[in-house]
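Below you will find one chain, with nothing else, as structure tokens; this is the form predicted on its own, and questions on how it binds or moves follow later.
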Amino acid sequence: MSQYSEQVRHVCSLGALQSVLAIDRAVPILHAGPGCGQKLWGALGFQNGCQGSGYVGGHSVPCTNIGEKEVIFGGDDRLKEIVGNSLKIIDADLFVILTGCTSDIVGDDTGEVARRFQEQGKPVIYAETGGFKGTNLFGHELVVDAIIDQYLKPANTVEPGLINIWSVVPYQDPFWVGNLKEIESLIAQLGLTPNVIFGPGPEKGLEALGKVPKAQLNVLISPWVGLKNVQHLEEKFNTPYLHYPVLPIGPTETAKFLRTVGQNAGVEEKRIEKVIQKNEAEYYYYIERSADVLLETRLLPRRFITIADSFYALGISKFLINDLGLLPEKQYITDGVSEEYQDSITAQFKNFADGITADVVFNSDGGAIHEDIRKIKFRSRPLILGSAWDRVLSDEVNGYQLSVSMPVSDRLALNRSYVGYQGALRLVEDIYSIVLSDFQ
């Protein structure tokens, strides 16, 4: 019997076009049917924190708009025409051809088209991202691998202290700009030189990409997305990697993160502890100041549910349990985690403070998740950290709801971050603002 999923929380692998747009002066060129790009941008860019289109995004993305003619006779000539015209009229330094379902199924030789332009010295690469292959998280990995194989050049030397940062997926995470900036700030406080590819800034984009092969260490902060990329970088450039599976939110996890990165990068323990002490002093100043409201009024929900991708489900759970003292109900992970990674993620949910554990459900079907939650008998009002899909459910179960994971269509995201010490303060602010607003 056929099945369908309701309330999707990611898109197809062609959605990786947004990862290209997150690299300054890089442009995606879609070899796909009409409508694919608009729908993907609508889901990831417009309806997810109102992130907008940016330079050559949204309706401006070059596309072959292939139809019946290209399906029958092949779309290589059409692709050559679009790439050639894009090189003439778009001011950019890297063009990434991304294939859709149709071009992958009919077997267009996109690689050969890209190589023809490369032979002319043009900065054109390609990734086969037909939507049937997987999610945009998988597509993101395909794009990064394409950059590694077709764009990056080996370095003659290793730059001590240079650390490549790989973490949240741009646009899938509506708070990716702020989160990456906060991770960059934390690494810099250790005396290291963070190298971040995605996002705005003079040292990002292609300049940062050029530094990737000469880094001392690749740091991946992610439960699973990007693991194959850093392994690929190790194979190709002999750069070791550190896989930190938890998005560090709050003092407990962020201190652990700083110690792990610092020790792997050769930073003196005295310096690491000084950074942690300074940040914790500021964090606890604000928490202690608000303790009257947080504790004495007893407004904070006692139990919480996350319905989110593995980045936020795990990172937020660690913070709410280990630092704020909340208790977990079931935690729902929605980013289509493959079976090879599920055991390691589940193990993280069995490793909270005071022996607390949480049941984990891997499911991308929002309808099934909601049916499961309706069966839970809550003794008090739950906190639900999910997406805009979960607002109606939250009303049904008399919960407090905050959208943190795609689609976040009910919030505007500019540079807000939920990572580190500052991000944890923002998360407390956002949760309590909802609780207090309801209390008025």
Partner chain sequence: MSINLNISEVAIRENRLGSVTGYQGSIKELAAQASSCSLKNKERCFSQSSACSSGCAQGYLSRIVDAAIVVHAPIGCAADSVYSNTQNKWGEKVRNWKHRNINVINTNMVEEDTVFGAVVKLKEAVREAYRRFNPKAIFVTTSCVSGIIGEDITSVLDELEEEIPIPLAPVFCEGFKSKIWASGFDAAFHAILTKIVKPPQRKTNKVNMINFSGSARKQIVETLARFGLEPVFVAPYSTVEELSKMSESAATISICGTLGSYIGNGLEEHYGVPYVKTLQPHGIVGMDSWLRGLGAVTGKEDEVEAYIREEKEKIASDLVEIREKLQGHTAVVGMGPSFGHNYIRTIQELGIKVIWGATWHFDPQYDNGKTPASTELLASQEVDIPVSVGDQQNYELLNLLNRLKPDLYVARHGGSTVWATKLGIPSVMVADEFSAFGYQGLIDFGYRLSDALTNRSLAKNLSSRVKMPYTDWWMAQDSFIFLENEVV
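Numbering follows the first chain given and starts at 1. This structure is a prediction, so every number in the text was calculated from the model and none was measured.
From this point on, the text means the form predicted together with the partner chain, which you will not see here.
Remark: of stretches 337-345, 301-309, 89-97, 156-164, the one touching the partner chain in the model of the complex is 89-97 (heavy atom within 4.5 Å).
Using a 4.5 Å cutoff between non-hydrogen atoms, residue 12 counts as a contact of the partner chain in the model of the complex. Within this chain, residue 391 lines the site of the partner chain in the model of the complex, having a heavy atom no more than 4.5 Å away. Residue contact with the partner chain in the model of the complex: residue 266 places no heavy atom within 4.5 Å of it. Shown alone here, residue 440 lies farther than 4.5 Å from the partner chain in the model of the complex, counting heavy atoms only. The partner is absent here; in the model of the complex, the one residue of 373, 402, 43, 26 having a heavy atom within 4.5 Å of the partner chain is 43. Residues 365, 367, 368, 370, 371 of 353-371 are found to place at least one heavy atom within 4.5 Å of the partner chain in the model of the complex.
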